[in-house]
Every structure is written in C-alpha cells, then in structure tokens.
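Given next, in structure tokens, is a single chain: the form predicted on its own.
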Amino acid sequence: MHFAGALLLLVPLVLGVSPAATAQDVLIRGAKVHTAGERGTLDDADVSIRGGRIVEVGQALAAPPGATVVEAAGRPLTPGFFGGITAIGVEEISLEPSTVDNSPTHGDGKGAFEPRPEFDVTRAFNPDSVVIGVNRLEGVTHAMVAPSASEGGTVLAGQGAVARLDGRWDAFAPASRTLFVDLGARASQASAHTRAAQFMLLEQAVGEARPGPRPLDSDFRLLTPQGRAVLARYLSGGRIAFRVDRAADIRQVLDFASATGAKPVIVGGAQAWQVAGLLAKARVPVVLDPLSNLPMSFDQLGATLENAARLHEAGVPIVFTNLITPTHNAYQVRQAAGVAVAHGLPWDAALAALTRVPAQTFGLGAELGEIAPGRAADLVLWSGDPFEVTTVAEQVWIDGRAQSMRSRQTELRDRYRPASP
C-alpha cells in the first residue's frame, strides 16, 4: 500500500468519538460499584450522570427524563483508570524520530548537558493519536504526558501534565503540571557519569532560580532566563517528579526536597521499599511498576514484586505505571495491578493506585479518581474483575460521554482475520 493510501486508511480510525458531542444524561443501573472512595464497594447500585457529572450514587434511583439507561446486571463499574507516566499523544512510532516529540535531545543527543526546565512537552500533544484510542478502549481515561531525556541525557527534563483521553484539544488539566527530573543511571550522560554531579547541577540550578545577587555578565549560568523563571515557580510549591530507583538516591532526593521546599514525587522507585519509613513520614508518593522484579540496571538490584505491598503497608501513597512500554501499552497497568494483588497488596489498594491516589498525587483529587457526586463521570463498565487478563472494558465514559469502543487495532483485526467457515 502506498504511504498516501495508508494515511487515508488511518483517518477514520483515529477520530473515535467527537469531544464536542453533547454529554447525555445516563443512569447506570444495578452495577457492582467500586467507588475507590470512603463508601468502598456497593453491590447492586446505580450511578446517575447529568451534564457530564456524577450527581447521585445509590440504589433504586429514578432515571431522568430522556436519560440513557445502561443495565449493568451486576458487572463491575470503576472510575476511569490512570495510564501512568507516558508519552501518549507525543510518541506515535518509536523508531521514527519525526513522530517522537517527548525529548529535546532525541536522536543525536545534542544538548545533553543543557538542563531545560522550560521544555513543555504538552505543546506537541496530538489528540488524534492512534495510541489514544488503543489505550482508552482498555479503560484508560487519563494519563500523565511526560518528557523524557533518556536518549541524550539531561537532569532537568522538562514539564508534563495529565491529559484526558477523549480527543479534546484542551486535554490538559492545569493543576496537574509537573516538572520532571532524571537521576541515577538514566541521566549519567548528563553528569559526567557520576550521580554526585547530578545533585551538583540541581543545586546550581536552584541557586540560579532563586533571588540573589545579580550575576556578572561573565558568570557561567546553567539555565536560560526562561528556565530560571520556570524552575522558580516549581520551587514555590510546584510538583517535581524525580525519576530514581536506588534507595540511596531516594534518600538524597528527600534531603534535596526538604532543603529546597520542592514537592517531590518518586517515579520508578524499584528500591523504594527499603526507605518506606522515610517516604511515609514525608508523605511522598511513589509511582512504580508492579512488574519490576529482575533488575534492569545496578540501580534496581533490590527490585521485588512485593514493592507495592510493602510500601502500602508502611503508609506510602502508591501509583501504578508501566515502565517498560509506558506509551503504547499503558493499559497493561491494570494487569500489573493484578500481579501486585497476587503479591500481597489488598485489592482495594490496587484499585486506588489506578484511580484515587494518582488523582490526588497530581492535583486532580476533586475532579477524578472516585465515583462520587460532583466528580467527572469518567467511568468504565467491565465484563469481570478489571485486574484479570481475560476481562474487557465493555463501555468507557469520559465526562459522561460514551466513548467509541473501537480502535485501529480492532479495525485491523476485523479487516484481516479469516472469515468463519
């Protein structure tokens, strides 16, 4: 097939449901409602949706005039799932550089020693990305779109935010904006292959961003004027996500955050269980992959499938992500959650790690993450336990709008699978 023909084939497949469609009034009747909140799980319960919002959760609710009634017949209903730390919408084909926009140092690695906190990956977001529909079909309604500097290596990688995955152009929630910092083995190229220099660079950047004596024109400056202004905002109560695995490095991050006033989130945290007490005391969330077991680097020698359970038991807020293929297979977080349950994490805690806790971690706790009156009607009706690999999402709603349950993958499946004999 010619390239132009392939593009014409893709056009109808990436459109999905128009975000401009009017939100319907919906009554979901007779579901096993996992609220992910203080009400826990409600059997044979109804959820009433009006104007894209949940207005009531209870039993024997009356359907508003003209509302669409969905008979759940006891099937599980959950909040929409958080897809983790991804490049959804800014990475289409990993091996084609022109479709990868999440790193200013992608490819040739030029500029690897230039921390750029002003780099804002959300400017490149494509709401028509094929990857969005593939993940939404599996119950992922929102995800963090984050920068990555792993190709060229830099410490201050840039900014990201949580995107709603329904095809809207204004996909990002301003309250979720986060600055990402790469540490440990990931950023070794940026610091002359010594992690001591990583913290040296961070401290110099902080010194430049804060008010102080006017530097001389001849003074060396690590950051651009715009970079200093951006970093100053994050040091004044903003959220900074540190990608780090080693327990010793996590200790250094906690010390750095305490000294600078940064609001830290740990991403990766393969050895976070070893410093669980410190993380719990500081109420620092850990975004982890429950499937991390065998070490992928010397920073992960303490990796274990019990990481999530041990952190939860210590009182550390946990969020799930996919670290191996975080974008195209973001939806696998729900299967990873099942593995965490099999290794000691309570089922409700695993659900919270995909719903309530990420919403709270990234500033969206009043909007997403629970089935409760006033929250956005981001919901998923499942065929069974959502953590089982054989379970499918039967219907996904975002802001009360039923989403298309087809994607490019389902279209290709239907086109090319053999006809029944």
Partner chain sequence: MRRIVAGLVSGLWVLGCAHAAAPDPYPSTYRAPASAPTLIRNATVLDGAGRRFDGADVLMRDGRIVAVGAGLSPDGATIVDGSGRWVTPGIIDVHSHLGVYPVPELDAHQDGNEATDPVTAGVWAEHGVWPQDPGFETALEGGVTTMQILPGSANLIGGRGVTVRNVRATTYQEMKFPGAPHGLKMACGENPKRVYGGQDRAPSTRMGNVAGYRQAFADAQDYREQWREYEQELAAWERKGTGRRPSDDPAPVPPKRDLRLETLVAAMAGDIQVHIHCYRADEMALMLDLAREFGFRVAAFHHGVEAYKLAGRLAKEGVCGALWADWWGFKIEAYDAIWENLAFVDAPEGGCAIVHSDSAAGIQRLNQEAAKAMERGRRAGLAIPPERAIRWITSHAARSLGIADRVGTLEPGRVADVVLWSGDPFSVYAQADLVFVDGALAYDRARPRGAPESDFLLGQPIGGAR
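Residue numbers count along the first chain shown, from 1. Keep in mind the model is a prediction, meaning the values are calculated, not measured.
The discussion below concerns the form predicted together with the partner chain, not included here.
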Point to revise | Touches the partner chain in the predicted bound form: R334 (any heavy atom, 4.5 Å) | key: yes
Review point. Hey, in the predicted bound form, does R228 get a heavy atom within 4.5 angstroms of the partner chain?
Key: no
Review point. Can you check whether D101 is within 4.5 Å of the partner chain in the predicted bound form, heavy atom basis?
Key: no
Exercise for review: State yes or no: in the predicted bound form, is some non-hydrogen atom of T68 no more than 4.5 angstroms from a non-hydrogen atom of the partner chain?
Suggested key: no
Review point. In the predicted bound form, does each residue in the set R210, R239 and L323 place a non-hydrogen atom within 4.5 angstroms of the partner chain?
Key: no
Point to revise | Listed residue (A175, A259, L294, A248) with a non-hydrogen atom within 4.5 angstroms of the partner chain in the predicted bound form | key: L294
Check your understanding: What is the one choice in R168, K263, R195, R310 with a heavy atom within 4.5 Å of the partner chain in the predicted bound form?
Key -> R310
Study note, to complete from the structure: Testing 202 to 210, 160 to 168, 275 to 283, 300 to 308 against the partner chain in the predicted bound form with a 4.5 Å heavy atom criterion leaves exactly one stretch, namely 300 to 308
Practice item. Just give me the residues of 384 to 402, first to last, that have a heavy atom within 4.5 Å of the partner chain in the predicted bound form. Key: D385, F387, E388, V389, T390, T391, V392, E394
